[in-house]
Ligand SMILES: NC(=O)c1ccc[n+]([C@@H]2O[C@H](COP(=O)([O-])OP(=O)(O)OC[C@H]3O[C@@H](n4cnc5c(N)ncnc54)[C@H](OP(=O)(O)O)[C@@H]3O)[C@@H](O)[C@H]2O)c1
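A lone chain, given as structure tokens: the form predicted on its own.
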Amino acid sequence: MKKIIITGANGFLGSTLAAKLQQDGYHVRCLVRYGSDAQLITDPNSIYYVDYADDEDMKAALAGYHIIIHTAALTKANNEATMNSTNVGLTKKLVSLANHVSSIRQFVFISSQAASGPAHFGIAKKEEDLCEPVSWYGRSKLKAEQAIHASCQKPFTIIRSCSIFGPGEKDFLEMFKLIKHHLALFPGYCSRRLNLIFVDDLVSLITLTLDNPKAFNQTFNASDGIQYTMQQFAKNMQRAMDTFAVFVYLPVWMLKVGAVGCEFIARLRHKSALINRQKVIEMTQPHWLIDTQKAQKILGFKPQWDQTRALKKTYHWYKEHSWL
């Protein structure tokens, strides 16, 4: 039986991945920082609390396991140094530990489309294209990828995912809340195109890479292969919720001013703002598009979820868990 370690397993993607792998018969250990909320993990017996800064604690956690899937990441921070400390520093530490734990035979890193940067002229970016991240988050993910290439002595796989939605996700939850109140907000006035992926489809792609020599030392883009505008996404969300919303377009200057205000309030509360200036930079890029032909050809990846059906499943999960 394959034994798999998942970092950040209490998060949206990590918890969904853990549940699917356990269902498929894998032995899964869910690494969770001491004091973190682990309510999304369906099997409490799989939780293993760790101090990521403690090397001996981490060595004990990894011993005897075969594959590390590194999903833990910081998506919001008050400065770039903090972002790098988690997204780059922790990745380097895990790679170093993996190199010295004899049982580990693959390191799977969940990166982001943000590492490759936005698509120029609406042309979907391929894995080998020049990476041009525009935000702290994107730069930190690219640096983490580069660290893996430079020092990982075990077979590795990097998956660059576009924006993910699904049960347990908190950022798109805010959009669901607005549409529930018949309002949809959009940055600027142009119809930007982007890719999206339902979490179950991303999990399916990840499982295709596990212990798969075709995936070793490779980078794969992940999306459902369809280009959307945010307006189309909002319309699909309305269908899933069986409601309607008024579309409101916010000028970029207003978003920037609002982001500064959100950052100020967040600092007073010692938290990170949901909308900040870094997020506005990402939101106002012309297009976020990636090419997924490599995953299709090499791994046989085929997304299974229609977006409206996936949004309906997400909506019902939010309601059942009193998030909406």
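In case it trips you up, residue 1 is the first one in the sequence shown, and so on. Please read these numbers as outputs of a predicted model, since none were measured by experiment.
Although it is not shown, the form predicted in complex with this ligand is what the next lines describe.
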| property | result |
| --- | --- |
| In the predicted bound form, the residue from Ser111, Thr219, Ser135, Thr209 that sits within 4.5 Å of this ligand by heavy atoms | Ser111 |
| Selected contact from Ser96, Asn236, Thr75, Gln227, since only one has a non-hydrogen atom within 4.5 angstroms of this ligand in the predicted bound form | Thr75 |
| Residues Ala9, Thr71 and Ile164 all lining this ligand in the predicted bound form, heavy atom within 4.5 Å | yes |
| Gln293 within 4.5 Å of this ligand in the predicted bound form, heavy atoms | no |
| In the predicted bound form, Tyr49 touching this ligand (heavy atom, 4.5 Å) | no |
| Touches this ligand in the predicted bound form: Leu13 (any heavy atom, 4.5 Å) | yes |
| Exercise: Asn84 in contact with this ligand in the predicted bound form, heavy atom 4.5 Å | no |
| Partner-proximal stretch of 295-303, 54-62, 269-277, 31-39 relative to this ligand in the predicted bound form, 4.5 angstroms, heavy atom | 31-39 |
